[in-house]
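Shown next are two forms of a single protein chain, provided one at a time as structure tokens under the names structure 1 and structure 2.
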Structure 1
């Protein structure tokens, strides 16, 4: 029986290349190509493919796309194909529901194998990803086993205020002053925010603030002042 595959990447050349490579194999059938998340969700909803081969880091997609696809189609399996392989990227992809992960510069056989194996229900990782997984001590089965809370993050008004101020570089004491609170309170908000976001450091809070457009990096200027001035 054929493995029905949808290819998702913003780049036309990449989509053509992947389609050309995979079309050579009789057990693989490309049922569609998507340039962005919206089109991809339509395709998955309408055709219920077995496998989506996606570069979730390409413009127009994100790791959240994977999570949403899995909600749309119960039996869908996802192969991620990207140009980078940092530990965080892999971990987040697995959390979001990626089953298999390969790199764009991996061996062509690995691309084909990943789709075939994933279609059969196995996981597949190319050599470079396997190396990264070992180096970073990532356990894909453990992460896949985690139950992700599918409800969207629900932050209170106060928490959103605190997130913005954190992202703008304020300390707990500075936030406390601006919000007329005790530093203890701000600390509690910070703790609750991290819990709701599933993270455990300031860097991730800032990343969340930018990703969810609570702050724009465009308003930050990065130029050292000459200390001679004054």
Structure 2
């Protein structure tokens, strides 16, 4: 059975390139191309494709687009294909409902595999995304069920400042410079924050910051996020 696919990207060359690549495989059938969210939702509603291959960071789309698509079609599977591989972007994508994640500079076979495997109901992450996931200690299987307690906790003003700067993608050294602290002190704050929040990785701190409205997801979604190492 063919895997019906819609390609969503604001860049004409990218759409043409992906269509040319995927059309060479008999089990993949391109049923449409979308240049923006409105057109994409129309295609999903009319054709009920199995897979949408989308750059949600491209103009005309957003991470919220993925959530909208999932509401339209419960059986839809989404492959994100972007130039970005930061931990924050990956977490936001997985929380929104992205099933698989690859980069635009992946090998052709990885792009094809991502569509085929996702169409079968599996998850697929290219090597570069897997490295980012490992670096940020993200567990894709636990993201959707991740619950962070947003009830008031005993966080100091300084710890709240550190959380905000972590969520915005700063390293320990950068935070130290901004707050006029030593990197050792910032690392101590980070450890205390994780203990108080009951989390064990940077991705969870970021999610706490978003849920607690210390930062807006849109503020840092398009900014490269450095690893937790300072």
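The term rigid core refers to the most C-alpha atoms you can superpose between the two forms while keeping them within 1.5 Å. Positions refer to the first chain, counted from 1. Remember, it's a predicted structure, so these values are computed and weren't measured experimentally.
With each form of the chain shown alone, which structure should be assigned as the form predicted together with the DNA? Looking at both copies of the chain, structure 1 is the one that matches the description.
Superpose the two forms on their rigid core, then report whether the C-alpha of residue 21 is displaced by 2 angstroms or more between structure 1 and structure 2. No.
On a rigid core superposition, would residue 91 pass a 2 Å threshold for CA movement between structure 1 and structure 2? No.
Core-superposed comparison between structure 1 and structure 2, residue 160 Cα displacement 2 Å or beyond: Comparing forms between structure 1 and structure 2, the residue 160 CA shifts at least 2 Å.
Once both forms sit on the same core, give the Cα displacement of residue 208 between structure 1 and structure 2 in angstrom. A shift of 13.9 Å at the C-alpha.
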